[in-house]
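Take a look at this one chain, the form predicted alone, written out in structure tokens.
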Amino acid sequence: MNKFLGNKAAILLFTLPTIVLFTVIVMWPTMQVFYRSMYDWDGLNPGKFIFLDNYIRLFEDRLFYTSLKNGAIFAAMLAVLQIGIGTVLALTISNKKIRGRKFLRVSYFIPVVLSVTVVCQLWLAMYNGEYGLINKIFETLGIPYRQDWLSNGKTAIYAVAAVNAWQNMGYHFALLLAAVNSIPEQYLEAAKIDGAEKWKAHWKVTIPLMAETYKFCFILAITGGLNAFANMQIMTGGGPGTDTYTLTYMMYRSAFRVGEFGYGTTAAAFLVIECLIVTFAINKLIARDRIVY
């Protein structure tokens, strides 16, 4: 093995296909985004090089800050709801005394396999201000509160984010459950012998040991929130007004509705930078050598 690892020609031979694929599929398109973001370009005709003018315009655009704020709200809701509730469900289902564990495990995952269009249509009906299930529940409970959830600018982004969180919660639940089940039972038994109650043992032992899984889940949830597009396209069309715009939606609007492809790729370039910063920050915050058991 040591002889093989010392052979540079063999290492190059086996890593070259991966390097080529990564360059063609990831690096080249990303470089094109940054390159095209410096053009005044409609996507069809030859563009005009304007260097950083699109970036200056982006930072002066009020829609950019609205999109940035909505992306942050969307990402925060996905991180809290998907990972928070996913953790509670995973720890509960891991208890062998719970009856119907297999049924619950499958049930929690069902929304993940549904089409986003089907899920959005389902929740459009539930959010309806006149006959929707949400308002009916308030009415049944005797609470005099009615809301047109998607037409109200103050609630629309939260309502749309909740749908995405609900649909993909099962994916994070499955990852967290696999992580819980991979932890040797001896650790929890040792905590119980030391006098720790079940949930305190999970807090002090199980959750810290799942640090690597949490790192992956947080990166998926937060970058997924920043990249959100399909839910608002189907449920609100970016509205009311621009209250559910995210950077991805702003990019789509600029490139395909207004015909400003260069400006749209500027929003895409900023989104790439934003996701890289988030990924780097999460890797730094949830570093294995900083976890205390």
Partner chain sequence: MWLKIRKSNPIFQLFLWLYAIISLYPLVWMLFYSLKDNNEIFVTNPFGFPTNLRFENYTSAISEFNVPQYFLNSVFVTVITVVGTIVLAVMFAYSAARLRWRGKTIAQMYIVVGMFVPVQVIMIPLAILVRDFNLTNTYSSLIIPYIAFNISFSSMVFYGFFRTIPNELEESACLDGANIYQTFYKIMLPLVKPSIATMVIFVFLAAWNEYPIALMLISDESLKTLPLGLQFFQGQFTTDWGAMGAAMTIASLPTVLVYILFSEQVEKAMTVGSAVKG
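Residue numbers count along the first chain shown, from 1. Since this is a predicted model, take the numbers as computed values, not measurements.
Quick note: we don't show the form predicted together with its partner chain, though the next part is all about it.
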Study note, to complete from the structure: Checking 161, 210, 93, 222 against its partner chain in the predicted bound form, the residue with a non-hydrogen atom inside 4.5 angstroms turns out to be 93
Review point. Only one of 205, 175, 72, 183 has a non-hydrogen atom within 4.5 angstroms of its partner chain in the predicted bound form; which is it?
Key: 175
Check your understanding: Closest heavy atom of residue 256 to its partner chain in the predicted bound form, within 4.5 Å or not?
Key -> yes
Exercise for review: Check whether residue 26 has any heavy atom within 4.5 Å of a heavy atom of its partner chain in the predicted bound form, and answer yes or no.
Suggested key: yes
Review point. Closest heavy atom of residue 252 to its partner chain in the predicted bound form, within 4.5 Å or not?
Key: yes
Check your understanding: Would residue 50 count as touching its partner chain in the predicted bound form under a 4.5 Å heavy atom rule?
Key -> no
Check your understanding: Going through 255-285 from first to last, which residues have a non-hydrogen atom within 4.5 Å of its partner chain in the predicted bound form?
Key -> 255, 256, 261, 264, 265, 268, 271, 272, 283
Practice item. Over in the other structure, so in the predicted bound form, do residue 25 and residue 280 pull closer or drift farther apart at the C-alpha level? The difference is 3 angstroms or more. Key: farther
